[in-house]
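The form predicted on its own is given below as one chain in structure tokens.
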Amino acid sequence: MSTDNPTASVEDGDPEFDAADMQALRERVEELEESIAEIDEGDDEKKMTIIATQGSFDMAYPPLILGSTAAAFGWDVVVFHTFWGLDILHEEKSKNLKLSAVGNPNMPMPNALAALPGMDRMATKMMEKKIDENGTATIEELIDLSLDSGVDLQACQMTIELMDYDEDDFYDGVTTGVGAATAIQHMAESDIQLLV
């Protein structure tokens, strides 16, 4: 039999392979298949870390919607709230978040008009009305949904101290006492990291 035949096998008497080489090759293939099976059975849970830094009415929605949606797909989700983003988790302040009309490119008014007293409150009321008419969840409902879905809503300890907040000021279920090192560790292990 010619060695030029690509379909030649040991069984056909291919002189390039002896029985010991073929057995070693079969054992190596079995080892690789077992390794792949172990990887497939391993922890395939995806992770997401969101850093929420802004506490305006419109910026409260993205981290809560993205976090609760990822959790619904079985992801391990952490939303780390720092600086003004901490107000989203503050039970009293979250009920009074404002939509800023100034510098918002999507507002249908010039900045000079948007800067007038009361415009932020008016813009917020208009958005709240739209949310209500559309049946969209409120910030409080999204916080409850996120917590119920297993999202770890974290409050930055340094910001709690900086803003002179009390840990009891936050919604039940919010994780307090978390520092930047913990957030960074979760980010390092995450498949997706977002800064909102």
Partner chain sequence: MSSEYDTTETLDVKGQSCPMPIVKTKQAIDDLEAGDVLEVVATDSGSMSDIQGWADGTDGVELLDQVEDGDRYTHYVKKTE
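Positions refer to the first chain, counted from 1. As the structure is a computational prediction, the values presented were derived from the model and not from experiment.
One more form of this protein exists, namely the form predicted in complex with the partner chain; it is left out here, but the text below deals with it.
Remark: of stretches 26-34, 167-175, 47-55, 62-70, the one touching the partner chain in the predicted bound form is 62-70 (heavy atom within 4.5 Å). Mapping the unseen interface onto this chain, residue 136 counts among the residues with a heavy atom inside 4.5 Å of the partner chain in the predicted bound form. Using a 4.5 angstroms threshold between heavy atoms, residue 163 stays clear of the partner chain in the predicted bound form. Residue contact check for residue 145: one or more of its heavy atoms lie within 4.5 Å of the partner chain in the predicted bound form.
None of the heavy atoms of residue 159 is located within 4.5 Å of the partner chain in the predicted bound form.
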